[in-house]
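Take a look at this single chain in structure tokens; it is the form predicted on its own.
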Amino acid sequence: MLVFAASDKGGTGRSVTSCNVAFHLAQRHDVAYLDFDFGSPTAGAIFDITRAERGIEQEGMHSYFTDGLADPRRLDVWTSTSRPDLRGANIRAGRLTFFPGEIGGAEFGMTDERVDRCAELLTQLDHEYEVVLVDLSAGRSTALHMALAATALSKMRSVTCRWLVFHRWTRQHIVAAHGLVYGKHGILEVGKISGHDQKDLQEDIRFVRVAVPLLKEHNPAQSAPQATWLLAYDDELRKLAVDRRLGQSRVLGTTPVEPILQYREQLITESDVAAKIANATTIKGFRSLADRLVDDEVWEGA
């Protein structure tokens, strides 16, 4: 299965959520994580791989497409991470392999050759891993267009592909996520031009709401008027999401506001919860996303 993580805006929590979902999937599946954010590869920092915090010097994803590199560098997260609570993880855990970007990389032009190379890599990894998660650049990027073009090729028609569109729970982000999928030069329009069946592609897209406040919980820092306003505005956002075709039936899941992630993008583990520096609801949200991502009934039921 191929999973593509997209967002219209930067700062949506796309990468940190995707890394955490990959981490939970890897407890029972073999997972590959590809950093296709060619201009700003940051997944290495989220996995706490010091030598790949902002990508690697060479032989990364950028060189694979621009220099004809035969085999991009692979890093085993379990042995490469600097976090003690991840190193030598549960021996029953699946593989979690990271394909980093490169330091100083940038967006590049899309050519037929690069689309073919993309399809070759994705097809190969789909055979090697149970889940391949591709973290795309924000917006209508080369990475997004190339992924759409590659997955439309006849040789990839039999591969299961799922598309996740991440957005924060604000008016601006809801409108932006709608535009990325349904708008001009959006996923559905570009996908159709690339050769996808538009209806089938739409069925393969789900939205992920990131950093959603848990408004039902009592917060002594809130005044009564503030709490009332927040609940009313939350209802307004839900109505907007329905109007923009981002309603609950199209949502794969949500993650709550997590104070740690406001300061440092990282994997949230059980040890963080045990130390009381992270919230159990955050892990629950990531785990639910991971479970629903690979649940065929969830994707058939929308």
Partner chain sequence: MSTIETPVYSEATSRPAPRKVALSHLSVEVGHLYMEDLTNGEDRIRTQFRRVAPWLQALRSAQQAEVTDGKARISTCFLIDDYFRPDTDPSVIMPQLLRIAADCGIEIDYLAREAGCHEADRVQLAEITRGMLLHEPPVGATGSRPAAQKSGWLCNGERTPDSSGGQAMRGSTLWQQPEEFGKRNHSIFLDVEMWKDIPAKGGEPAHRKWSCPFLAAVWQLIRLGALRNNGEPVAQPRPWPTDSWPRTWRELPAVMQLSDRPSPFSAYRVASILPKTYLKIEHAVNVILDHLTLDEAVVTQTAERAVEEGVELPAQLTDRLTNIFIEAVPTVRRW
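Positions refer to the first chain, counted from 1. No experiment lies behind these values; they were computed from the predicted model shown.
Keep in mind that the form predicted together with the partner chain is not shown, yet the notes after this line are about it.
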### Message
Does the partner chain, in the model of the complex, lie within 4.5 angstroms of each residue among His62, Leu69 and Gly105, using heavy atoms as the measure?
### Response
yes
### Task
Look up in the model of the complex whether Arg114 has a non-hydrogen atom within 4.5 angstroms of the partner chain, and give yes or no.
yes
### Query
For Pro225, is any heavy atom within 4.5 Å of the partner chain in the model of the complex, or not?
no
#### Entry: Option from 185 to 193, 205 to 213, 105 to 113, 137 to 145 whose residues, in the model of the complex, bring a heavy atom within 4.5 Å of the partner chain
105 to 113
